[in-house]
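Presented as structure tokens, the chain that follows is alone, the form predicted alone.
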């Protein structure tokens, strides 16, 4: 591990043999037609669970799937089946009832128990302080049955939920291997930056990255920001290179994004790089055109070759690269070239690179691009963005040694 995480107890600091460990995992997954899909985070969490089991801990997994009211809010029965590909475990459809408590008490050294979706408890998702959550029925019921709490779910660290912040108030607490990797990589990219540092920002929601752009530019953290996807398109509008049509002008969200992009341009100026050429669809085929001939009704599906090469050169010269969001419609082979070019540039550059966002990591898998040794792919979303903004994450703060 390159970065020293002396603020936290890691699994190397905790004696887990014969102890009951409450393990907060993130196995939240995509559900298609009622079927839970295997996600990288399931396999990665399983590695830490297996390590604890091998060290003869009694492991009790706390995890969630979606949230109440959503179509993919469901039990963890299918997740248990997927986890069993990597580690033996028992699953019980209970959290704090007699069945769950009895199953925890009966655990033998090295055995693993997955409890039901913690978000089926209403008090789990109440936004309260760690002290308040420590007094919840959920935390007061399970904490006396455990010796140690370990959080390996960085993706929920931005939420002040009971299973995230309550247990560390009452138990010896530390971070799991996934959390350790995430924090070390984020610290290296945010606090211990090797310069020049560049950000590559794309995807379909510009509003997700505006705060990051403004923050990094004001703090003079970045040499340049390479924009792609809808992020790049909104800055082409902001620069007046392309003009919005009547449909865009009538879209309140678009006009708000445009106004924000113009304000950010005043801060960043030439540090914000926009596409020179883009790929559009003409008669069902990919066609690349310069941005200044783009018509309002033409939809952009990718960056063009000139832009890809220019951006790849920028990546080659950088020492640190943070990338979030694909450059285009990578799911369609015709429009995957830009995303592929940038990811390949990252994998072959000397820069330390941090890749965030589910769509970006999915693009790597889809395009068959291997993660380089100097690349970290974050499995988190909201927590990843919040960390880049150097905002305190409640689930992290509560784990720090005080």
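Residue numbers count along the first chain shown, from 1. Because the structure is predicted, anything quoted here is derived from the model rather than measured.
Omitted here: the form predicted in complex with a small molecule. The next part is about that form.
In the model of the complex, segment of 311 to 319, 171 to 179, 214 to 222, 148 to 156 with a heavy atom within 4.5 Å of the small molecule:
Only one stretch qualifies here: 148 to 156.
- Taking heavy atoms only, is residue 18 within 4.5 angstroms of the small molecule in the model of the complex? Residue 18: no contact with the small molecule in the model of the complex.
Check whether residue 119 has any heavy atom within 4.5 Å of a heavy atom of the small molecule in the model of the complex, and answer yes or no.
Residue 119: contacts the small molecule in the model of the complex.
*Indicate whether residue 41 is a 4.5 Å heavy atom neighbour of the small molecule in the model of the complex.*
Within the cut-off, so yes.
Residue 58: touches the small molecule in the model of the complex, heavy atom cutoff 4.5 angstroms
Flag for residue 58 set to no.
query: Quick one: of 353, 28, 45, 360, which gets a non-hydrogen atom within 4.5 angstroms of the small molecule in the model of the complex?
result: The option sitting close enough to the partner is 28.
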